[in-house]
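Let us start with two forms of the same protein chain, each given on its own as structure tokens and named structure 1 and structure 2.
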Structure 1
Amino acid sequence: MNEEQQSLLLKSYSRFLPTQGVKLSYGTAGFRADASLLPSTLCRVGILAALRSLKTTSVIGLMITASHNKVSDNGVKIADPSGGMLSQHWEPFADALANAPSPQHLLMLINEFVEKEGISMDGVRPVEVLLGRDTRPSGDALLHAATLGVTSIVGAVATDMGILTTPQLHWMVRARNKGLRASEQDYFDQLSSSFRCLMGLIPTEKRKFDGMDEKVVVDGANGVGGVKLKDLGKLLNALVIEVRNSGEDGGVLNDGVGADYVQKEKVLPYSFGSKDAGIRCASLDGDADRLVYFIVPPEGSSKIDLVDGDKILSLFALFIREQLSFLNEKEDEKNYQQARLGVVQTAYANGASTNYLKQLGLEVNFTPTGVKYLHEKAAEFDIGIYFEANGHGTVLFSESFIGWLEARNNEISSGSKDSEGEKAVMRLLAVSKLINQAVGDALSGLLLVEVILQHMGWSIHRWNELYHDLPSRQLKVKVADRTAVITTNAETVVVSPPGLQEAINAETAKYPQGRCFVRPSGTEDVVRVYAEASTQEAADTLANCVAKLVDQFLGFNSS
């Protein structure tokens, strides 16, 4: 590291001194905390992003958001060249950099890491970081800190992409690194044109809903997603989107609104009521990477029928399976190898959804909790679908399968488009462009749900009847050291302490349709307990009994 580089880094350190006594850890959500604690962290993540750009010789993204957290919080996460999450290999360096206690320590960390990674800091290679932020009031100040961090690496350029949803920034990073146009308008154009293509391929006899109108009412969480959805909706002719809680009327971000609130509390968000009974309703989270639907009950009840990420996954899987079946019927075995479709869930997926997917004959895979694990597994398939119950998920298409679809589509363009096999090619190609290939995206997900419901001729009520969730309960047990619990098999089986899993099995066997697992939290000093059974009373009892077992085996106090 030359003197110019050292001087720039020392200058950035002095501008944003770390808050004493605060230690942050980079996880699935990146760094997240009260916004007042984060200027130093944002500056250092800017450094990290620039170094990542140097290492990968690619454009990197830096998103400033705290998603579904309260408005006084903020956070930051990195988008890798693929548009996905920061490589797990770099997470320990992110932690060390954010928590470096002195300028000398910061320089030492960077020197050691760039040497280990073989990163040249000669200022010759192009370095670019795209920065985005949501609508939080703290975003501008944190953007300034992040920009200073990026430009403290010699030759690095920080490009402010403005106020965006998190998935928009990830999409832009992926597009830039594929040599494609990557403005916000390009994002809107790709989604709207793909949506129109799919609408045009709906069978004539299914052009109307089962007794439903063309309107969907969306809770925007008073965040960035509501504003962007309004802009996107202007490009759609066949769908009316009414956005409430857009944040433009003074509503508070994530306060009694948003997908996280709706999914966890199972109650109506603000501004929804009995007048909305029978209408398709949906909710985005604060940065628009989660989506859930819900049904407003008759007058007199605040509870809702939740149509969560598990049911979104099931809807997508049904549609894609149907299209693949059309291909399998028509294609010559010599030039077409059946595409492998895989579904990926975590143990928190409701057991009823898993049973339903398996009954369809689909390959269901499980990973540990966390989007990075789900995404990685889904990428192993020709088409991989993953969703968490909270509404975060997407559909991934392999490059080889997209290449095959494009080649077949080119052949179709000059010939007949009448067979279902040919239409299936066009539908799947349009889905690959509509759904965000980089990360879960509530806007693209909502459009895909809407077009599939129209394709099926289904109301939201028909969709919700695919299966009925088993009653469940989640609890947590306070611990002194959560690492004392070690799990395997996608966190569903305890291997330490010895004997605990056997005790859980014995307790679970007492309940019809019983299922229970425990896992150490990734963020708190607690062990989490999840239980399902045929009745809510049984699920509650099972969860409480297993929480007591955890306490007995580990000597902790439950709460």
Structure 2
Amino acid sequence: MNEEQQSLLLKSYSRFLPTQGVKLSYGTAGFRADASLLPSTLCRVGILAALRSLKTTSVIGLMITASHNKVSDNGVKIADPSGGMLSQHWEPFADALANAPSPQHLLMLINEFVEKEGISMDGVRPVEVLLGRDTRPSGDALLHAATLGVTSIVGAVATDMGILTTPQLHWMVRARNKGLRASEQDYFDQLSSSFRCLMGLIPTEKRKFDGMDEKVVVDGANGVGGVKLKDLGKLLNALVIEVRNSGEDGGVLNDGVGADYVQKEKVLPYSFGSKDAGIRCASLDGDADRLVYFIVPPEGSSKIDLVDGDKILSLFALFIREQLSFLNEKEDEKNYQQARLGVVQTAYANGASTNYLKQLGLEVNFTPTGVKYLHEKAAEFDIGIYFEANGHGTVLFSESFIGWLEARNNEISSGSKDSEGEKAVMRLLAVSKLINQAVGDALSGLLLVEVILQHMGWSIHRWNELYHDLPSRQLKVKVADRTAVITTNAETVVVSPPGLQEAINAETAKYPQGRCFVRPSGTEDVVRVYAEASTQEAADTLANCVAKLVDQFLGFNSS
């Protein structure tokens, strides 16, 4: 590293000194903490993003958000060249950099890392980082710190993309690296035009039907998603989107609102009530990468009927499977190779959803919790659909299948467009443009749900009846050291401490349709317990008994 480079890094170090005694970890979804602790972290993640851009010779994204956390928190995560999450093998470097206790340490870490990775810091190569932030008041100051970090690598450019949802920034990074148009307007144009295309392909007999409300009412979590959805909604004439909790009327981000609250508590978000009974409602999280739907019950109850990520996955799978079956019927003569459709869930997926998907004849795969794992698995298929029950998910199309669809679509453009096989090609191509290929996106997910419901002629009630969730219960247990829990088989089996899994198995066997697993949280200092059984009482008892087992094996008084 030359002198100019060294002095730039030292300057940025002294500009944002780390808070004594605070140790941060990149975690499942980046760094998160109280915003006041984060300026030095943001500066260092800016340095990391610039180095990642150097290494990959691509544009990198840096998103400032703490998603569903309280408004006083903030956080940061990196989008890789594909628009996906930061490559996992850079995470230890992110941790080390964020926690470097002195300027010498910082320089040494960077020197060692660039050498190991073969990164040349000659200031000649173009380096660009796109920065986005959500609506948190601390975003501005943290943006400033991140910008300083990026530009402390010689020749690096930090481009402020403004206030965005997390998936918008990931989409822009992906588009830029593919040489495509990548502004916010381009994002809105792509989503709205593919939505209109899909609406235009709805079978005529299904265009008018009873029992479906024209409008969807969306809880925007008082965050960035509601604001953006309002802008997007203006471009869609076939759908009325009413946004509540858009943050413009004084509501506090994620406070009694948002997808995380609605899904975990199963209660109504603020500003929804019995007047909304029976209508189609949806909720976004604070940075709009999660989506759940819900139904407000008739008067007198604050509990909701939750239509979660598992049901969104089921709806998408049904629709895509139907389109593929049209292709299979019609496309034999055109050397059509059957596309491989796979779905990906985690152990948190309700067992009823997994059974339903298997009954459809689909290949169901499981990965550990966390978007990066599901995304990676889904990318193995021609069409891979992944969702966590909490509403994170998307649909991925392989390059080769998109290529085939595009070629067929070009033939169709100049010929007949009438058969279901031809329409299926056009629909699938439109889905691949509507649904965010970089990362789960509540806005594009919402539009796909809406168009599929119209395609099927279904109300939210009909959709919700696809299957009935098994009763379940989630608990968390505080333990002395959560890293003592080691799991395998997509977190369904505990391998350490020895004996715990056997004890869980013995307990679970007592309950009809019982299923239970424990795993260390990636975001909180707890071990999580999930239990499912044929009745709510049984699920509650199973979860409680297993929580006690965890405490016996790992609690503060365990030996």
Ligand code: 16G
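So that the term is clear: the rigid core is the largest set of C-alpha atoms that superpose within 1.5 Å between two forms. Bear in mind the structure is a predicted one, so any value in this text is a computation, not a measurement. All residue numbers here refer to structure 1's sequence, counted from 1.
Notebook entry, point to check: The form predicted alone: 1 or 2?
Noted result: Answer 1, the form predicted alone.
Check: Once everything's superposed on the core, is residue 512 shifted 2 Å or more at the Cα between structure 1 and structure 2?
Finding: After core superposition, the C-alpha of residue 512 moves less than 2 Å between structure 1 and structure 2.
Item checked: Post core alignment: residue 196 C-alpha displaced by 2 Å or more between structure 1 and structure 2 -> No; that C-alpha moves by less than 2 Å between structure 1 and structure 2.
Margin query: Using the rigid core as the reference frame, would you say residue 500 shifts its C-alpha by 2 Å or more between structure 1 and structure 2?
Written below: It does, since the residue 500 C-alpha is displaced 2 Å or more between structure 1 and structure 2 after the core fit.
Next item on the list: Give me the C-alpha shift of residue 476 between structure 1 and structure 2, core superposed, in Å.
Entry: In the core superposition between structure 1 and structure 2, the C-alpha of residue 476 moves 2.7 Å.
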